[in-house]
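Okay, so here's just one chain, in structure tokens, the form predicted alone.
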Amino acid sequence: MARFDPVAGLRPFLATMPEYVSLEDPYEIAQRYGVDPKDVIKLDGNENPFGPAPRAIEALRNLDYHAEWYGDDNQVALRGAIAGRIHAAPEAIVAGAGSDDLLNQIFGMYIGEGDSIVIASPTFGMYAYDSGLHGARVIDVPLRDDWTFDEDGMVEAARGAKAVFVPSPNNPTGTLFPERLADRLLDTGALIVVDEAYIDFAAAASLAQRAAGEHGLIVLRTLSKWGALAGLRIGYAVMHPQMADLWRRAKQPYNVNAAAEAAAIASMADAAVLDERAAILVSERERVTRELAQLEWITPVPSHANFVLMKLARGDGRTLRDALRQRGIFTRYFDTPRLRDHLRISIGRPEDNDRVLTAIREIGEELAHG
């Protein structure tokens, strides 16, 4: 008998699923461009340049948790710490190994082969990726030319769809999702998932408290950005307690590791420090936006996140990305039709941003005379 064929044995829709474009290894990039890794300014992943909170670092250094024991699958201490931060009941919270883990659970519980989801591109690539992984169909209602939502188009698309996925602020544009649109979308009967990975950098109210008391709305949060714990993979979802109870039964057991749990609880205790750092990044975002806007060949998109998307009138996104890489500055280029003349830069520390702005001005002069 012939042995199992891993290609022929795939579920049919998996053969053509889209590939998620992840970040390149910074050490490999540095080697390729002849840059000393110590001199790299990494601004391609919207990570927090200040690193974890002091209490989180201390918790990791003094981790007294028995690694040979399983952790608390019910996440009692973790959910309690998160509840104090967002002012919602612990019963409305479920934690996971980053927002990606939580997104996959949404698909696993509610969205399957033949179902439809609604997105508004350009947006976070995991929504389409998970859709392909589970055999669902993506209905894309693209953002308008000014990067605002096509509200009527999204409501129409949501009728008959299983779920709508929107980040607020949106990645990569930094656009906020208006609550009035959430009201309209909830009335369609679709599940509305608002991904608030960057909400701590926005002068806008979170929908987390609302999600904790209302069916049909899930808010996702992560400690990758505000908490600077991207490498530990820790996030949480806020929803009605009835739904959260179902989630805790259906999630993978022990899906949060001991180190991530300890760092997350400590981060909540050190929230004041993390909020101060977020305020610095917001101030720097506004400064970087103003200075970029003074360059005649760059149009920055107003952002409510810890990054800025900029449209280029000289060269293209790939050209600028590669020129910056030669100077040890790593940024994010999106090889899609609407974004090929754009580049996204995460906001760094003030001294890093000074170096970035100087480099961009120099490259602009080279492009103008090249």
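Numbers for residues come from their place in the sequence shown, where the first is 1. The model shown is predicted, which means the values in this text are computed figures rather than measured ones.
A second form of this protein, the form predicted in complex with a small molecule, is not displayed here; the remarks below concern that form.
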In the predicted bound form, the residue from Pro122, Gly71, Gly174, Gly98 that sits within 4.5 Å of the small molecule by heavy atoms: Gly98
Would you say all of Tyr127, Pro167 and Lys225 touch the small molecule in the predicted bound form, counting a heavy atom within 4.5 Å as a touch? yes
Which of 196 to 204, 156 to 164, 78 to 86, 256 to 264 has heavy atoms within 4.5 Å of the small molecule in the predicted bound form? 196 to 204
Taking the small molecule as it sits in the predicted bound form, is His240 near enough to touch it, meaning that at least one heavy atom pair lies within 4.5 angstroms? no
Residue contact check: Arg287 to the small molecule in the predicted bound form, 4.5 Å heavy atom: no
Answer for Arg233 alone: is it within 4.5 Å of the small molecule in the predicted bound form, judged on heavy atom distances? yes
